[in-house]
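A single chain comes next, written as structure tokens; it is the form predicted on its own.
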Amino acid sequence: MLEFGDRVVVSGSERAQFLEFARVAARQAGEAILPCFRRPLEIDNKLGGAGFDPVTEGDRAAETTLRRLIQARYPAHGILGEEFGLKPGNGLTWVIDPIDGTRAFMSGMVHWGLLLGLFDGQEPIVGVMYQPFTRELWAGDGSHAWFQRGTDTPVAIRTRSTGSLDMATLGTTNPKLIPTTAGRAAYDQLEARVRLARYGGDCYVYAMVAMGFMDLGLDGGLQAYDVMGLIPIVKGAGGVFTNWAGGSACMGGDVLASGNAVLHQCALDVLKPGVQV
């Protein structure tokens, strides 16, 4: 289990190097996933008979590739991956979700992506989301964010300035995944206030917030590896990313991403009754 610790101070040049490494590593790991996509798959259920949490050979192949690349380049760094757990390191920890959106992946849909973030003990300082089938890559360092498709030149991305819920577009993977009754009721109240709500998307919801096509992204019951790669992208594009209490979302839980601080506070006010104490 990854926990908060002392912050490791990283220079601007080091941050840029880490982000470039993340871009390259994500693309290489994506090549390990593609042979599994839209092919017959063996799907294992990590929850056994207590629910359904799928994992595929694509998940394992991508995480194995990323661990090998990280170990070779940064042997002192820690690694936390969804499939193979935590390898402690020097305080800088790479956090991997090899396929965020495995349900979409196994269903042949394209709304899934590989997530890779670097945690400095307090927050993720760089993050990448990569979809190898569409060759779309999002990258951020908390101050700036970019989108690149294939070999096109990366372009800077920004969130939009929608300031009221009645004009906002909200995305969530599935409200039924919010783990508490109070949380689901709070979500329903928020959905009733926005102009448009869309279900499905997993990591794509947060990429669309960063690009300014959606205003709010929300999910419940997440893990650190679900968000570490996304937070620097959303923040780098000008957005806000917290838990429902307005605190750090680094370790997951019930999370909210917004295009701007004004809209974020409006949404938090509605979600307040669903905050887990």
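Computed from a predicted structure; not experimentally measured. Residue positions are given as counts along the sequence shown, with the first one as 1.
Although not depicted, the form predicted together with a further copy of the same chain is the subject of the following passage.
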Taking a further copy of the same chain as it sits in the predicted bound form, is Gly85 near enough to touch it, meaning that at least one heavy atom pair lies within 4.5 angstroms? no
I'd like to know whether Thr134 contacts a further copy of the same chain in the predicted bound form, with contact meaning heavy atoms within 4.5 angstroms. yes
In the predicted bound form, does Gly183 have a heavy atom within 4.5 Å of a further copy of the same chain? no
Contact flag, Asp120 vs a further copy of the same chain in the predicted bound form, heavy atom cut 4.5 Å: no
Among Gly108, Leu196 and Met208, does every residue place a heavy atom within 4.5 Å of a further copy of the same chain in the predicted bound form? yes
Checked Gly142, Pro154, Gly200, Gly91 for heavy atoms within 4.5 Å of a further copy of the same chain in the predicted bound form; positive is Gly200
Looking at Ala104, Leu80, Ile178, Ile125 here, can you tell me which has any non-hydrogen atom within 4.5 angstroms of a further copy of the same chain in the predicted bound form? Ala104
Any idea which of 32-40, 221-229, 247-255, 66-74 reaches within 4.5 Å of a further copy of the same chain in the predicted bound form, heavy atoms considered? 32-40
